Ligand code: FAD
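Heads up, the chain below is alone and in the form predicted alone; it's given as structure tokens.
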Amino acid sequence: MAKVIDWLKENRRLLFSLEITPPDRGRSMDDILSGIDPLMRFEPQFINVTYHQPHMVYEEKDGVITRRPRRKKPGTVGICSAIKNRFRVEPVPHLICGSFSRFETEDTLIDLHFLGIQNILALRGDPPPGQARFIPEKDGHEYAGQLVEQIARLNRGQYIDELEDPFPTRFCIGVAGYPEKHFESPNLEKDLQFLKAKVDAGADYVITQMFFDFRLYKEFVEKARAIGIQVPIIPGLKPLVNRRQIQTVPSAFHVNIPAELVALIEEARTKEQAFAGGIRYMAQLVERLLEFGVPGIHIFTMGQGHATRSLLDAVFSAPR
């Protein structure tokens, strides 16, 4: 089935999806596709492809300083098309507010529709490198909820310009949720109100930011349900397997790492022991989530194909 929400509603099997990042400019797409190949034996139903806002560089030529965008990781739409054709797996491109006007957003959505892509993860996106806060484009969206509204209107055949007998798109819309709240929100309760606004605008399901404590997900879901958010909430996970990750992930993604997981990695005598401890911890977390009855599992691979394979091997080989 082509849409995430259709799979969630009509299949008894657990939804399993991966998230990958386009290669840096100048690198081959084969770097990404070869990394996906070993994971295909686990039969993911969807593969998300991230999108990154360009950062601005200033160049001086003949005494004139010009400002131009430089995108480090282009190719999201092309990679989605390659995934669909090569692996016969439905891609889920990320679409962000940053660096897009409403008109450019509409053009991108039309292109994706023509490619037969029916799933979108709608995000505000982070500020570009070197920029302290998010600044929308002129005629762009400031919040992800506004982006969701535009996609939902296009699904009803409502384009920016009034057209005669326009075709409606058929996008399934996913959005992000934050069990530990978005770092810009004053508290979790306020952040949940923002999430509800995205769902009310037309979002079909939620994928959470990575977390490492089952209690955080459980309480997040309970609080979301209490305020009327009834769409599926898919947990997002990332295996942590070395010391560098436990040092960089908290600041990069604004998440906490439980003391038990930190100890497993920091107190390991070898890199192999640290890796095994991290996989064991994450596999136990997945088991608790499955017992809780989650609608699916989403894994942020982020170039860590070996760790993802090891986690999936541990989960799928476990007796049930």
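What you are looking at is a predicted structure, and each value in this text was computed from that prediction instead of being measured. Counting begins at 1, following the sequence as shown.
Just so you know, the form predicted in complex with the named molecule exists too; it's not on screen, but the next bit is about it.
- Although the named molecule is omitted here, in the predicted complex all of E19, D126 and A176 have a heavy atom within 4.5 Å of it.
- The candidate stretches are 104-112, 117-125, 83-91, 223-231, and the one lying within 4.5 Å of the named molecule in the predicted complex by heavy atoms is 117-125.
- When the named molecule is considered in the predicted complex, only one residue from F171, F214, F100, F194 comes within 4.5 Å through any heavy atom, namely F194.
- Contact with the named molecule in the predicted complex, defined as a heavy atom within 4.5 Å, holds for exactly one of A203, L240, A144, I79, namely A144.
- Contact annotation for H182: at least one heavy atom lies within 4.5 Å of the named molecule in the predicted complex.
- Of the heavy atoms in Q245, none are within 4.5 Å of the named molecule in the predicted complex.
- Within this chain, I207 lines the site of the named molecule in the predicted complex, having a heavy atom no more than 4.5 Å away.
- Remark: Y281 does not count among the residues lining the named molecule in the predicted complex, judged by a heavy atom distance of 4.5 Å or less.
- Contact annotation for 34-53: residues with any non-hydrogen atom within 4.5 angstroms of the named molecule in the predicted complex are T50, Y51, H52, listed in sequence order.
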